[in-house]
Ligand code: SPV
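The chain below stands alone, shown as C-alpha cells; this is the form predicted alone.
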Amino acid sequence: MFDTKKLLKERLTAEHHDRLIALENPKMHDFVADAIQLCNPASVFVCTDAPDDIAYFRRLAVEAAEERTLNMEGHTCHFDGYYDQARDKAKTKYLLPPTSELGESLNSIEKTAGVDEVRSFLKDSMLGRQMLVCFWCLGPADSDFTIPCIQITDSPYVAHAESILYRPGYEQFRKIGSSPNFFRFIHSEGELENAVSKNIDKRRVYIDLEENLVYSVNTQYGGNTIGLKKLALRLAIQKGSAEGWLAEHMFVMGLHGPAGRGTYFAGAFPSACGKTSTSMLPGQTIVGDDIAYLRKKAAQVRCVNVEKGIFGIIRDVNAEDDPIIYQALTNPCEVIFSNILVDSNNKPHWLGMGSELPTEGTNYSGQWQKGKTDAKGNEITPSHKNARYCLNIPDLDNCDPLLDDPEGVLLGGIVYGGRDSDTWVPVEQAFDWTEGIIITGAALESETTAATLGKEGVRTFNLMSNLDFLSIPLGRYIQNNLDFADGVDNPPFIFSVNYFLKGKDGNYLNGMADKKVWMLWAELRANGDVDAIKTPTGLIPKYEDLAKLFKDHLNAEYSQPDYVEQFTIRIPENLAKLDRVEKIYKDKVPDTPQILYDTFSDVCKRLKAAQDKHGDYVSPFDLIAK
C-alpha cells in the first residue's frame, strides 16, 4: 500500500500536482497514484481543458515518432504494428467475480486471475516515458447524458486521438467534486520497437464492470486503446441497464423533409452495411456516426452522440461517394490518418480513394513497394483494409447544429440495416415498438463479404449490431430495449433497411444512391405524411410515393417493375430467417424473453396465411386493400 497524497506530491511537479489536486476527487486521486506506482513513469503530465495542453499532445506524438506530419496543414499519420491492426476480440475480456455470469456468448476471465495478469504486464511499463493523465466527457458536458472519464496512457497518439473524438472533461471533474461516478481507463503501449508495440503476444484488454475500469496493454490500435470508444460502450451498456437508459452502437442524423423540416434518426448497422454512408447522406446533417445514448425525458426519447469526432474506416472514401468526408481529408484541418500509404512527398493514399496509388512509399509494414509480401507470403496492400481517419465532426460541412446540445435531439425514428441478399425489402416500417425491437433489431443478420473472410454470403447473427460490445446477458438487453418505450408518449418509429437485395441474376437491385430515397420515405412516415401497404412483416412504401422521391431527390425514373421486384415479400426466405434466428436464441440465450418467441410465432402465422392466399412470392400490389 501507499500514501496517495505523499506519492502524488513526490512524483508530480508542483504545476501538475496542483492541477490534479484542484480536482477534489479522492477516488480519482487514488487511481492516478496507483497507476504511477504500478507503471513507474519518468514524469506525469496532467491535462486540463486548455488548448495549449491539447497542442502539447500533438507535438509530443510527432516527437515520439507515433505520428508523422503530412503535406497538408493539420494532417498527421500514425502507424500501428503490422500485427496490431484491429480490435483483439480474443484478448478483450470481462473481469468477473465467481458469482457473476454473462452467458457463454460473452468473453470473460475470472477477475482475480485477470487483474493479476494484466497488472503484471503493466508493471514498470512506462519506465523512461511520460504518463499522460487526460480528462474527457462522454456525451455533451453539463448534461443528463454526461459521463466523466479519466484516461491514463503513455501514448501521445491515443491522447491526441481522444482530444479529437471527445469533449474536454477537466472542468467537468471540477464540477462533480468527490462523486465516484466516472469511468476509468489505463493503457500502456508497453515495450516499443520502431515506435510500435512489440509484445503483441501479451496484448490484453480487460474490462472490470464492477469498478467501471478498463485495462489495456501492449497495443496501440485505437479500438484497443482509445478507452472512451467501444471499451466505454461496454461500461455504458451496463450503467444504462441499471439506470433505465440505452447505450447503442448507432449513428445519429438529421433527415430533412418537406419545407426544411428536420427529423432525427438513429441507426444500427453491422460493419460494411452502409452505416457511415447513411449518416452522411447528401443534403442531410450528421450528429454522430457510431455510438449514441438514448434517454427518456418528459415522455420523449432524446438522444446524443457520445463523441464529437469520427474514427472511421478510410477504405473506399472518395470524392464521388463520400464528398464531404473526402473534402475534409484533402483540405487543411486536424486529421490523424492511420495505417495508410505515405508517398515521398508526405501525401496520404488509401484503397478506393478514386485515384491511382503509388507503387512505393511508407505504410504499416515500413518501407513498401508494390508486390511486397509478409513472412507468410501474403501480399501487403499499400493501405490496410482497416486503415482509419480521425477527425472533428464540426470540420464537416454537414455537421448538425445540435451536435453539442445538452438536451440531446428528439428521436423520430430508429433504423436497423444489414447485408441481406434475398430476404428483407429495401425499407420497411415495423408495426409497433415491440415488433420493431424483436423482428428488426433482435433478428438482425448480416452476410459476410469475400474481402473480409474469404467466403461470401455467410449469415452472421448480430443482435442490434451491438453483439460484440454487450456487457449484460443478451436476454436482459432485449428486455431493456422492449421496456424502454414504457412511459413514452410517442416512441420512435422503427424501420429496417437493406441496400444489398439481389435479383435472380445475382445483381444488386438497388443503386448506391437509392438509400437516400429509403431514408427520406422513413422520414415521411415518421411524420404521417404518406400511407403504407400492410405486409405480414410490416409496412412498405406505395409505388407512387417512391416514384416521387426518386424524381425529386435523385432526378431518376423509378419503374413499376423495379418496385415489384424490390418489394415483393419473399415468404420462404422470411420464414427461414425467423427459424434460423429462433434456433440461435433457443440454443445460446437461456434468458430470452418469452415475448420474442411469441412474436416470432405471430409473424410466422401471418407469413403462412399470406403464403396460402398468394403463394411464396407476393407482389406489393396484391396486398393493397381493394
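Since the structure is predicted, the reported quantities are computational estimates derived from the model, not experimental observations. Sequential numbering from 1, following the sequence displayed.
Beyond the structure shown, there is the form predicted in complex with the named molecule, which is absent from this document and is the topic of what follows.
- Contact with the named molecule in the model of the complex, defined as a heavy atom within 4.5 Å, is made by none of 419, 424 and 577.
- At a distance threshold of 4.5 angstroms between non-hydrogen atoms, residue 311 is in contact with the named molecule in the model of the complex.
- Using a 4.5 Å cutoff between non-hydrogen atoms, residue 256 does not count as a contact of the named molecule in the model of the complex.
- By the criterion of a heavy atom within 4.5 Å, residue 296 is excluded from the residues contacting the named molecule in the model of the complex.
- None of the heavy atoms of residue 348 is located within 4.5 Å of the named molecule in the model of the complex.
- Proximity to the named molecule in the model of the complex, taken as heavy atoms within 4.5 Å, picks out 229 to 237 from the listed stretches 229 to 237, 504 to 512, 73 to 81, 130 to 138.
- Proximity to the named molecule in the model of the complex, taken as a non-hydrogen atom within 4.5 angstroms, holds for one residue of 428, 322, 290, 395, which is 290.
- Only one of the listed residues (459, 123, 553, 87) places a non-hydrogen atom within 4.5 angstroms of the named molecule in the model of the complex, and that residue is 87.
- Although the named molecule is not shown here, in the model of the complex the stretch 197 to 224 places heavy atoms of 221, 222, 223 within 4.5 Å of it, in sequence order.
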